[in-house]
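The form predicted alone is given below as one chain in structure tokens.
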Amino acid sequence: MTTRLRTEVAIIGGGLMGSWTAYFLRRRGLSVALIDKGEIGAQSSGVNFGNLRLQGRHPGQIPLALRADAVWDRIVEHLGEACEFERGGHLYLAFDEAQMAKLGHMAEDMFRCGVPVKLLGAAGLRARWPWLGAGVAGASWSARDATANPRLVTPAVARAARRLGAEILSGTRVSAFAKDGERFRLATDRDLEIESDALVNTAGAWGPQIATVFGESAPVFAAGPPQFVTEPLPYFIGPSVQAADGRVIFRQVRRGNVVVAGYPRGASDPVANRAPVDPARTLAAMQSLVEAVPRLAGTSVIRVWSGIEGYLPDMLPVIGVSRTTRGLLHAFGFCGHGFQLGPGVGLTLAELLVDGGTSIPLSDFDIGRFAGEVAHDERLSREFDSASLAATGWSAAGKATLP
């Protein structure tokens, strides 16, 4: 016998964006069902590096990032648990003068956006963090930045939403969806049908599949960041650290393990639900880690993983209302930079649904920007190898065209 669930808002995608949206919608009093084909937070929301980074963002993201930052600062108040949230700061390392100049321009952009970033020369840098290698030429430092444990956060947000009355439907695949008059109707692979006034698409790398049903699309490419963790060591690092060219990204958790990521990212398979990691990428990242922190030479790697993330050619997400369908909102394709933004996105989508508008500027993230050719961001050539980039279908000339 088929059960029918009536709700004001249905959200497809139980990652960080969907969970925070469900949480803030319930705080505003709307009924909501959060639906995921697997476990809550099992994809990129739960397997990312864990940076809550303000510095280095696209300037158009800063208002959203600052809104999110205010929520992260009160995470225990919201969720009842800290999820290993810690404001340890973030270092961008430069290994030559060209990279240092680039960090200088970035710092100027951040100051204009209200994010205080300090430039440090090699001497000042090593005076504070003497474990850095001799090849580091300088860095930019943001004391405001933070980290959290992605494996803990999204389930905690979903639990908080459930305590407020949200329906959390994990292990539930939406098999068909359509708009019937003023309502959306969703069929699932269970004996369950869902009817809602509004539909929120937070399906990550699978987001375009939903958008296409309603006459919209975006050239999302699924990829995964290679990551690993070392054996536990005496705690000494402190901040989250990232090379300016992305060759290595690392942080040490209080238990002593060093969590490591780095570019290039590898292709993942959203159909088979697989994100394999080439062992050569792990070895390359470990070599770069030792160059940045020589005392980590000889450290053992104890686990390697990746996840499925959605990327777009301009390295910006899709966030906002549908161009074609009243009551439909999108928030997907965060290009590996969405963990910090999650609560800001949830607050903003809740405002759009409850108030009909928001003070947060979203024009840079409108899905309509993909109506034709799209210039790709220069970071693509740095963050992806040539084979992975070729798999996107984006041409060598740096243009993507929707089919």
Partner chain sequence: MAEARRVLIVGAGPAGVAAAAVLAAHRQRPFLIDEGHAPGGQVYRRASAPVALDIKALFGSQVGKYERLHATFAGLAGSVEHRPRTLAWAVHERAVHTLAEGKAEVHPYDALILATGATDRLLPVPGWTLPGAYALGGAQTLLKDQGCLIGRRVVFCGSSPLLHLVALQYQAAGGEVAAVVDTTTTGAKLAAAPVLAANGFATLLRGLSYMAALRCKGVRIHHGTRLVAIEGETHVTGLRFRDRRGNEHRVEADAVAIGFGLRAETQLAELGGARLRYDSVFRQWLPDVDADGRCAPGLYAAGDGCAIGGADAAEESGQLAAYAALADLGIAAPNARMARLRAHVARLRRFQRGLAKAFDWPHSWPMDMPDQVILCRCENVTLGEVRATLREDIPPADVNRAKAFTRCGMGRCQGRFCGLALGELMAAETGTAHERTGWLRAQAPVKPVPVSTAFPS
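If you're wondering where the values come from, they're calculated on a predicted model, not measured in any experiment. Residue numbers count along the first chain shown, from 1.
The same protein also exists as the form predicted together with its partner chain; that form is not shown, yet it is the one meant from here on.
- in the predicted bound form, does each residue in the set V76, G80 and L362 place a non-hydrogen atom within 4.5 angstroms of its partner chain? No, the candidate spot makes no contact with its partner chain.
Since exactly one of M286, I308, L120, A107 fits, which has a heavy atom within 4.5 Å of its partner chain in the predicted bound form?
The option sitting close enough to the partner is M286.
Exercise for the section: Report the residue, out of R162, R173, R183, R126, that has at least one non-hydrogen atom within 4.5 angstroms of its partner chain in the predicted bound form. Expected result: Partner contact (heavy atom, 4.5 Å) among the options: R162.
Exercise. So in the predicted bound form, does A280 come within 4.5 Å of its partner chain, heavy atom to heavy atom?
Worked result: Within the cut-off, so yes.
_When the contact criterion is heavy atoms within 4.5 Å, does E351 count as touching its partner chain in the predicted bound form?_
No, E351 is distant from the partner.
Problem set entry | in the predicted bound form, A68 touching its partner chain (heavy atom, 4.5 Å) | Answer no; every heavy atom of A68 is more than 4.5 Å from its partner chain in the predicted bound form.
query: Taking heavy atoms only, is G246 within 4.5 angstroms of its partner chain in the predicted bound form?
result: Because no heavy atom of G246 falls inside 4.5 Å of its partner chain in the predicted bound form, the answer is no.
message: For the interface check, one of 35-43, 365-373, 333-341, 49-57 should have non-hydrogen atoms within 4.5 Å of its partner chain in the predicted bound form; which one?
response: So the stretch in question is 35-43.
Query - Stretch 127-159 - residues with a heavy atom within 4.5 Å of its partner chain in the predicted bound form - result: Heavy-atom contacts to its partner chain in the predicted bound form: R151, L152, P155, A158, R159.
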